[in-house]
Ligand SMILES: Nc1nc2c(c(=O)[nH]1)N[C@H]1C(S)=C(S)[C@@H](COP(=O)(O)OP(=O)(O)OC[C@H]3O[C@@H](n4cnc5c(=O)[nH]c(N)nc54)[C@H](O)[C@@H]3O)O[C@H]1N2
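Only one chain is included here, represented as structure tokens and corresponding to the form predicted on its own.
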């Protein structure tokens, strides 16, 4: 019997050693497997697991609302499952009856599981819906600004991601690939819902071998590996929109823009053009104007514009560019620039939004939606954009805008979190700590003693995907996986379905929640639904028992080359894009109707609140980039030896240019303090020419580890430094990449890292 497991960083085979201990190995046929998942069963990982239900001492003794300022700073009391479940059920009942379900926030943000049944987001939302509803969140930290703005321009991001031009087409037809922010292979180890065979490295190298010319525009050099030469154009962070405007001005000035394409396939170019030429504001967006903002020489902008017009050009943008103040603008401007080149819908031309952030983009696999657990209907209409959780907790009753709507922050009494770690994803963690003291109760399902678990009132230990049976399938990854249980649940941990079933029984809707099915029955039920649906789409899956026996279904027979927006280009009337006009919207009348004070209805350059071009950077002269880590997924498996091997002195590395390091007496291997007015953290220095002067970089994902006395994070979590504001009043997306800091000299005796230690127990 074959055994496999699926995760967000790939599909793995499971073998056993001579004494029967399970061993995880890469999937046969994956040419670039991620090593992250190989360490899921490592002993070092197990040391941070939660053994049994635990309740914060003050809450247990005094009840809801007791000493919330002690969250994260007092012992837990381990209790029985029956006591813990009784406490949770009573609290859900109390808050719902006394304050209404709009006082319950259902938090579940993160890459909880690749399994389609034991998926924490589905389970907690199903439970809370049946309990009367909850306040939800929308969008994501990864793409908050793009999720809101792109449907006004071309299409929603979830849809757009699914039909990016495939790698084989670009290797054959692309002449010039211009990447704003690179195509980082470390990010492409993963995909939402789980990865299949990793394809990005092979795709890039095939393009390099076929002679595609690559230009990498950004503050760092080491995020585009093609196996061939790559030209690096250094640019100040958060200024890509200005560079694209300079390129657009040059295209128009030389008559290199495709007016026929703009007339037939776009709306609003004429109104944007008046801004581009300076007719509306008296400021032509010339290459010289762009040079003053970006630091890119004007002559290089001129030649790049000519090169793009002379070749079959693919423009690509990293998701990190929209995680910034005014982060909608570079995405809108990228589509506008591609439209001016007139190659959208042609093989190898157009734009990508973007290649590299996950394994999915560039796939040849057919889009097929997999099994899903019904979540029911939410009776509560209140919601927040996901990155506004601290605003919600701190400012109940205040209004905010989102995609043209004016909404009100609810008054949250109970946070119920299952799946995810806000003390990884959120910005300005010291502000989040204050906000986290507002609810009366915080309940968390978690496998590990993360910072979120340590700051909860009731912690329920959950199983990992290694400890349960499930079905793994991610749209367009091409593999359907029987995820067999590999090991028994750790200590007293239970799966989310079992936990919620027991709480639902206590609240009187157990039969409605579990529908009389156990885990095995649910897997067969969900599989049968998917099998029937796929049969109607011409795809045959085997019977469940055969699938469970063989362990994996390979869907590569469904592959085919993809050209983004090919049908739209061939016949825009028959195949319109999903905008109000059915065309690419360079000017949006819908956004114009919102009348937002900080948002213009066409792409513009707006100065960020913090950037290297500011008139006053005294005190904080370095721009901090916070990218995705290479040895973990967000904060998942940071406690593994694989993640530890990439740290410097046990802390997350900070990459710094030799000029900036020399001015501060810093050498590689030194432990330094990084700080601004929001917070401080320690990091291990790596001095490198791969990052431009004036810029530093710390990957996210280090488990938050603040010193209780100084509040300095000891482990290198950069989100103690990042800015917690909305990208704009349109999207309210996160603005983490807009952040100025200073780096101090080397520390002589840095404190030990305690991030992976369990909390104290009474």
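Residue numbers count along the first chain shown, from 1. Please read these numbers as outputs of a predicted model, since none were measured by experiment.
Although it is not shown, the form predicted in complex with the named molecule is what the next lines describe.
Worksheet item: Hey, in the predicted complex, is residue 117 touching the named molecule, heavy atoms inside 4.5 Å?
Response: Residue-level check for residue 117: no, no contact with the named molecule.
Worksheet item: So, in the predicted complex, is residue 727 in contact with the named molecule at a 4.5 angstroms heavy atom limit?
Response: So residue 727 does not count as contacting the named molecule.
Worksheet entry | residue 643 within 4.5 Å of the named molecule in the predicted complex, heavy atoms | Heavy-atom contact with the named molecule at 4.5 Å: absent for residue 643.
Discussion item. Is it the case that residue 421, even though its partner is missing from this view, gets within 4.5 Å of the named molecule in the predicted complex, heavy atoms only?
Written reply: Because a heavy atom of residue 421 falls inside 4.5 Å of the named molecule in the predicted complex, the answer is yes.
Worksheet item: Which one of these stretches, 307 to 315, 179 to 187, 673 to 681, 402 to 410, sits within 4.5 Å of the named molecule in the predicted complex when only heavy atoms are counted?
Response: This holds for exactly one stretch, 179 to 187.
Worksheet item: Pick from 352, 357, 608, 371: which has a non-hydrogen atom within 4.5 Å of the named molecule in the predicted complex?
Response: When the named molecule is considered in the predicted complex, the option within 4.5 Å is 357.
Practice prompt. Heavy atom within 4.5 Å of the named molecule in the predicted complex: which of 251, 666, 562, 220 fits that? Just give me the one.
Written response: Only one listed residue qualifies here, and that residue is 220.
Discussion item. In the predicted complex, does every one of 468, 628 and 634 come within 4.5 Å of the named molecule, counting any heavy atom?
Written reply: Checking in the predicted complex: 468, 628 and 634 are all within 4.5 Å of the named molecule.
Discussion item. Need the contact residues for 300 to 336: heavy atom within 4.5 Å of the named molecule in the predicted complex, sequence order, or none if there are none.
Written reply: 318, 319, 320, 321, 323, in sequence order.
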